[in-house]
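Below sits a lone chain in structure tokens, taken as the form predicted alone.
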Amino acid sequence: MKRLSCVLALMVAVILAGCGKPDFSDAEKQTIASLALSRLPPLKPDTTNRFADVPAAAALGSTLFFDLGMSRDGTVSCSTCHKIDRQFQDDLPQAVGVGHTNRRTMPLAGVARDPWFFWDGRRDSLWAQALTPLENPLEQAGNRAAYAHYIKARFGERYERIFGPLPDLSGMPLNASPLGTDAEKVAWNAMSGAQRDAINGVYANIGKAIAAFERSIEPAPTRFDRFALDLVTGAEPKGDAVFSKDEVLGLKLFIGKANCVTCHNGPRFTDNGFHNTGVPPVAGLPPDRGRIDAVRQVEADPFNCFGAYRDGDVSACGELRFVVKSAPELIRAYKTPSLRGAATRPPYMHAGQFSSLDEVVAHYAKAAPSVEGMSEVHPLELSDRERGALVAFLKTLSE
């Protein structure tokens, strides 16, 4: 009887110990530690933007980010799609500015750490990215000459304290752009090279100011980070750092059998790469081939790292210099999004194809072939419980 009592006591102790500290191998612990936000390195200086870490530039950029005047009709700002209370995104399947776009708005936390920007990477710096929606006819729909005049009229003193004297705009058209309406293109082509360069200089500085503000937006710690810290240090998990059995199983699947960590790795849960994962197109939207078409766009951008408006020297342009320009794997390849905060910002994928994380997990488990190119995803046998466990774990990446 005494022996039976000892055996029962030992079993209870083992069970309780298992509940308190989940069993992970040393290799699993190393992988989990690599995903913790505490492993995020300091943000590197952006040598292409010498104003990137200037507080006055960030303050002006913040003003411009929320300014409805930074659009053709005065109804749209950057914050229209990047809502401050929604992780700087808008909860829509495709963003809506002056018109209806064909892509999902991406959140901004940690965006300054990306080597490429937009879902397809069609811009190579945060400040060049910030310029693109300003002239996109479906987003803010303005033109660079109008923006230069607007800056001078409304923010002239602030601009000049940061960037130096504004050019003389008195002889320049109020509306002109190489990307605008036919009338704006005619006006742009009628300008002298020096006038176009002056406008472009002001326009580039607008992007650099907005980028300085966006650099301040970083991801916040979550339940996963507190769990990972306790796991690595050997501390007894407490409060919301205690994971349920499903959350532990989901984490094990994420870094193991389901192989999610192959692309969703590092403290931001992204490899910053582009992948074809067989995500279907959305009926009624224009054709979208992803990364394969974006390379041509980034090379043609006058504000790219090789352009005249970059600060610093060309040594900062390694990404653009060695970019893969043409390969089968670029067809319908899209950026790996960060999973931090993902649970609270449906829908998902580059055009909001899936309405829930359950649908996302089901898509990857099924691994349907891509409509064009070759999907990198392979079918995965997951039980209903395993699918639910993956979703449970993904929710720990959101506050």
Ligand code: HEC
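As the structure is a prediction and not an experimental result, all values here were calculated from the model. Sequential numbering from 1, following the sequence displayed.
Beyond the structure shown, there is the form predicted together with heme C, which is absent from this document and is the topic of what follows.
Peer 1: Counting only non-hydrogen atoms, choose the one of 234-242, 309-317, 137-145, 185-193 that falls within 4.5 Å of heme C in the predicted complex.
Peer 2: Partner-contacting stretch among the options: 137-145.
Peer 1: Among the candidate residues A228, I292, A130, V202, which is the single one with a non-hydrogen atom no more than 4.5 Å from heme C in the predicted complex?
Peer 2: Partner contact (heavy atom, 4.5 Å) among the options: A130.
Peer 1: Pick from F224, Y159, F303, W116: which residue has any heavy atom within 4.5 angstroms of heme C in the predicted complex?
Peer 2: Of the candidates F224, Y159, F303, W116, W116 is the one lying within 4.5 Å of heme C in the predicted complex.
Peer 1: Should E386 be classed as touching heme C in the predicted complex when contacts are defined as heavy atoms within 4.5 Å?
Peer 2: E386: no contact with heme C in the predicted complex.
Peer 1: Given that the partner is absent here, does F163 sit within 4.5 Å of heme C in the predicted complex, heavy atoms only?
Peer 2: F163: no contact with heme C in the predicted complex.
Peer 1: Taking 4.5 angstroms as the cut-off for heavy atoms, does H82 touch heme C in the predicted complex?
Peer 2: Taking the distances in the predicted complex, the answer for H82 is yes, it comes within 4.5 Å of heme C.
Peer 1: So in the predicted complex, does S216 come within 4.5 Å of heme C, heavy atom to heavy atom?
Peer 2: Taking the distances in the predicted complex, the answer for S216 is no, it never comes within 4.5 Å of heme C.
Peer 1: Could you pull out the residues of 319-337 that have any heavy atom within 4.5 Å of heme C in the predicted complex?
Peer 2: Going through 319-337 in order - heavy atoms within 4.5 Å of heme C in the predicted complex - the hits are Y334, K335, T336, P337.
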